[in-house]
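First, one chain by itself in structure tokens, the form predicted on its own.
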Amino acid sequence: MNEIFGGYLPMILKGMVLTVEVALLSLLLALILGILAASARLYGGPISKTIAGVYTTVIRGIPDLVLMMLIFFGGQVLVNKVGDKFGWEYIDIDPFVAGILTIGFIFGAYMGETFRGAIMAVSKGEIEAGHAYGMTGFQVFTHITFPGMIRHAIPGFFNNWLVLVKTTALVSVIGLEDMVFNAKIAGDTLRQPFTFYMIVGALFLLITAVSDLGMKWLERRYKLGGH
């Protein structure tokens, strides 16, 4: 089969592994930022609420591609301008790191809104009952608020994850050799762009199918004892 695709199939599959790595690490960063943003908006003081509100509003209002360019190219210029003042050597930002930071930063805003809505959907009666039972605030959060939040957040979380996976295709524009980047090279070389982009589309669908199985497992896991 590899000969049919001019020997480029392993390169595209290698790019798929890189795509998954970028997606998973970006998701981890997005989860951290999302929890921080949701917590700040719900429980923080005026300053933290304002910062979190500006973050979610601005990030959701700027196209992902523009943010990718700003962070990779603009960030590189900014870092090296600062470096000139301190006598640092030229710093070349790694596309892998830039891709993860950008995508994680973008989806941290979406995750923040997902988590905020999920926390607000948790029954106040259950929380009050936990306090009345003598639970500490931490126990109420770990045994009532957090599991309830997960149940409500799963649909929005899964949707954000699928969009995040598709957004990883943008890292090809900053030179990261993901499967989209490698498919372009193969398609241009063999003059078969349709064939190789079809392969990439099928691989993205494979990731989606595996993700769907994971979502169903999460739903079963957190539906236990739920309503």
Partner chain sequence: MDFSIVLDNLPLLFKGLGLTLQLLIISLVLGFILSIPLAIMAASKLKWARIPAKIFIYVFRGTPLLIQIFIIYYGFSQFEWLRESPLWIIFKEAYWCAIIAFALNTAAYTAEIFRGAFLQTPKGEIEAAVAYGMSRWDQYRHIIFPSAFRRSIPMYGNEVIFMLHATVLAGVITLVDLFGAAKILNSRYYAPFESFISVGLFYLTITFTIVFIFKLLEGHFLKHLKR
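Computed from a predicted model, the values in this text were never measured in an experiment. Residue numbers count along the first chain shown, from 1.
From this point on, the text means the form predicted in complex with the partner chain, which you will not see here.
Peer 1: Does at least one non-hydrogen atom of Ser39 fall within 4.5 angstroms of the partner chain in the model of the complex?
Peer 2: Output for Ser39 is no: heavy atoms all beyond 4.5 Å of the partner chain.
Peer 1: Report whether the minimum heavy atom distance between Ala129 and the partner chain in the model of the complex is within 4.5 Å.
Peer 2: No, Ala129 stays farther than 4.5 Å from the partner chain in the model of the complex.
Peer 1: Are any of the heavy atoms in Val66 no more than 4.5 Å from a heavy atom of the partner chain in the model of the complex?
Peer 2: Val66: contacts the partner chain in the model of the complex.
Peer 1: Leu29 versus the partner chain, in the model of the complex: is there a non-hydrogen atom within 4.5 Å?
Peer 2: Leu29: no contact with the partner chain in the model of the complex.
Peer 1: Checking a candidate spot here: are Gly44, Ile119 and Lys124 all in contact with the partner chain in the model of the complex (at least one heavy atom each within 4.5 Å)?
Peer 2: Judged in the model of the complex, none of Gly44, Ile119 and Lys124 sits within 4.5 Å of the partner chain.
Peer 1: Just one of 97-105, 70-78, 143-151, 111-119 has heavy atoms within 4.5 Å of the partner chain in the model of the complex; which?
Peer 2: Checking each option against the 4.5 Å cut-off leaves 70-78.
Peer 1: For the stretch 50-69, I need every residue with any heavy atom inside 4.5 Å of the partner chain in the model of the complex, listed N to C.
Peer 2: Stretch hits, in order: Thr57, Val58, Arg60, Gly61, Ile62, Pro63, Leu65, Val66, Met69.
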